[in-house]
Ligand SMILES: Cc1cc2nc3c(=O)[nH]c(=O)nc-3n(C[C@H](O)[C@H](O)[C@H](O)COP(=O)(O)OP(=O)(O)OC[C@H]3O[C@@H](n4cnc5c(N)ncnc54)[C@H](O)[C@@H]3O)c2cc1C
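We begin with a single chain expressed as structure tokens, specifically the form predicted alone.
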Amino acid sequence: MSKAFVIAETENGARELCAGARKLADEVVLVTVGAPVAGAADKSFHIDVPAGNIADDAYVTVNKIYDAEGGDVVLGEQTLRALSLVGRLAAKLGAAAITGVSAVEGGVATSMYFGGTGVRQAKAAGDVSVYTFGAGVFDAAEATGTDAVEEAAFEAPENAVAKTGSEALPPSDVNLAGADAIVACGRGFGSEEDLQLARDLAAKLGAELACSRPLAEGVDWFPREAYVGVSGAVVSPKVYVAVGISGQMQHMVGCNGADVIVAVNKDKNAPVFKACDYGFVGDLKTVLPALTAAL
């Protein structure tokens, strides 16, 4: 009987990966370093990382759980801490991790490379396949499993990171993976106040609000979870409205799974118009209120 070993940081990520693991193995074991997750796997472990330590150092405990449980395939969530844990386990196993996977068929993984400009297919050469997945590849609603969660004691490594301080980030309720409609904002927005125009449109569409990388990591107008792109969220809604987004490849690989892409940009030569189904050339301050009123 085949077994999948899932490593996750967030609850939604854990459920998504466990749903995908069901398609790859007969039994699913889950390990989380965020909140405990019930009802997603056949066995579920939670590692409570002490306040004086960082989640990356939970690799000692993760590796011990793997030693006890085993696994023919490892699925990791593509977050910074989960990637660190997956990398440590892969090193222990002498395996190469295939990252940014969008699909696995017959043991062959499809993923992007060179910043999303190319697609490659790869197959694990060893006995254990190790993959990482971004958000939205699987349907979290399909996850099933036991409600029992076992607490695994955190064991610090010999050379643990010395945590000198931390700053709490504001909580985020962004759920791009489960959205049927998304309104994404880019650098075309001149001020944070202008984002209200996008919020009004999103409210009419029943859409989630997202952004391109500069608005999440440059001016901090959005939480990190709202960033769509090759190193952010990969989404596949029914409708994706890109507002003030130029349409560089690094962003478009994050949304090209949408059924319909609508673009709003004042530059008629913006690359986004070559990738969209419908495009509006005009100032977003004019176009967005008109769209919202029409809806």
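Throughout, we count residues from 1 along the sequence that is shown. Quick caveat: nothing in here was measured; it's all calculated off a predicted structure.
Just so you know, the form predicted together with the ligand exists too; it's not on screen, but the next bit is about it.
Participant: Please determine whether Val37 contacts the ligand in the model of the complex, using a 4.5 Å cut-off between heavy atoms.
Facilitator: No.
Participant: Just checking whether Ile261 would be counted as a contact of the ligand in the model of the complex - the rule being heavy atoms within 4.5 angstroms.
Facilitator: Residue-level check for Ile261: no, no contact with the ligand.
Participant: Is Gly76 close enough to the ligand in the model of the complex to count, meaning some heavy atom within 4.5 Å?
Facilitator: Contact with the ligand, no.
Participant: Using the partner position in the model of the complex, report whether Gly232 sits within 4.5 Å of the ligand, counting heavy atoms only.
Facilitator: Contact check for Gly232: yes, within 4.5 Å of the ligand in the model of the complex.
Participant: Picking from 265-273, 40-48, 22-30, 61-69, which part of the chain touches the ligand in the model of the complex when contact means heavy atoms within 4.5 Å?
Facilitator: After filtering at 4.5 Å, what remains is 265-273.
Participant: Looking at Gly188, Gly87, Gly136, Gly100, which has any heavy atom no more than 4.5 Å from the ligand in the model of the complex?
Facilitator: So the residue touching the ligand in the model of the complex, by this definition, is Gly188.
Participant: Which residues from 207-237 come close to the ligand in the model of the complex, meaning a heavy atom within 4.5 Å?
Facilitator: Read in sequence order, the residues that approach the ligand (within 4.5 Å, in the model of the complex) are Ser212, Arg213, Pro214, Tyr227, Val228, Gly229, Val230, Ser231, Gly232.
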